[in-house]
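Next comes just one chain, in structure tokens: the form predicted alone.
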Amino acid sequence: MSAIPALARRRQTDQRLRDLILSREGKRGLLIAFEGPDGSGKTTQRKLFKNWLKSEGHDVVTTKWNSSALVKPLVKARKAARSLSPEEFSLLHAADFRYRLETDILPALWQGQTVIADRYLFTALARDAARGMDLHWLLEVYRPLFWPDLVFYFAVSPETSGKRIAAERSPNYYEAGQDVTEIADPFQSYTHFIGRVIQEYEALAKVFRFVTVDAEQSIFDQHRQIRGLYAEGARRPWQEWNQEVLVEWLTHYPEGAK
């Protein structure tokens, strides 16, 4: 009998949190993700876009892929030892992402800040799928999913990506996909691997309706296009897209919403 009141209290709490999420819709910030393969110029465009938003009076913060103080040192050490399996690679990045989502991204959005993600979970889906991981398994690893309001995907050919990377540096072991291609030359491995990654990105762009930016254009033309697409974009209502994640977050991190 005692379980019934407990269940009823949980339902009341969940309903209260859902009402709180709905009431926050007009005050919360936007989450905008910049996605694309290495060498696509997304980081340059992310910086230009952030500076423009700030000049327009927006309160903007950035979150970067694999940057949490909790997980990044472990990933760095495992990469240096070249001992990461595709499965471990995926799980560590998922842990990094979840930590940043709960401690950085959601609190900022709740307080009305615009959050720009330099790579989001779609980076993991594309790279891990290119390493042979099952997409359905990967989606379960990141579930429940928290959807950005807007995803800019910077489309570039494997050849252009390779040339831009080669002009600056030699790709590292995992960036070149040498852990799965087993090609000794990092540039040859990169060209082979990035083609797989781009194929996965293109599929994700169709399924999840990314806003595609032609990254072969000039920097100015891309920036102008992004501004226009941002102005036309619409937010994804939290109660329709992200309620499950937010209820869970507010349950475990009530201080984050203060």
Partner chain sequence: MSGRLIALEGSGGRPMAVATKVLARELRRPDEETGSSAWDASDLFFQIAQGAHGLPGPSPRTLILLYASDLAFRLRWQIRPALEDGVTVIAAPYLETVIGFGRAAGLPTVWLREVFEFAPAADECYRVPEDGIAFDRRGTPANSFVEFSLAQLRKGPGIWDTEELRAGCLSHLKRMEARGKCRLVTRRP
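Given the structure is predicted, the values throughout are model-derived calculations rather than measurements. Residue numbers count along the first chain shown, from 1.
Although it is not shown, the form predicted together with its partner chain is what the next lines describe.
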- Item | Non-hydrogen atom contact residue 70 with its partner chain in the model of the complex at 4.5 angstroms | yes
query = Can residue 159 be called a contact residue for its partner chain in the model of the complex at 4.5 Å between heavy atoms?
reply = no
Taking heavy atoms and a 4.5 Å cut-off, does residue 168 contact its partner chain in the model of the complex? no
Interface membership of residue 248, its partner chain in the model of the complex, 4.5 Å heavy atom rule: yes
Heavy atom within 4.5 Å of its partner chain in the model of the complex, from candidates 185, 179, 175, 102, belongs to 102
Testing 160-168, 120-128, 72-80, 146-154 against its partner chain in the model of the complex with a 4.5 Å heavy atom criterion leaves exactly one stretch, namely 72-80
Taking its partner chain in the model of the complex and a 4.5 Å non-hydrogen atom cutoff, the residues of 90-123 making contact are 91, 92, 94, 95, 98, 99, 102, 103
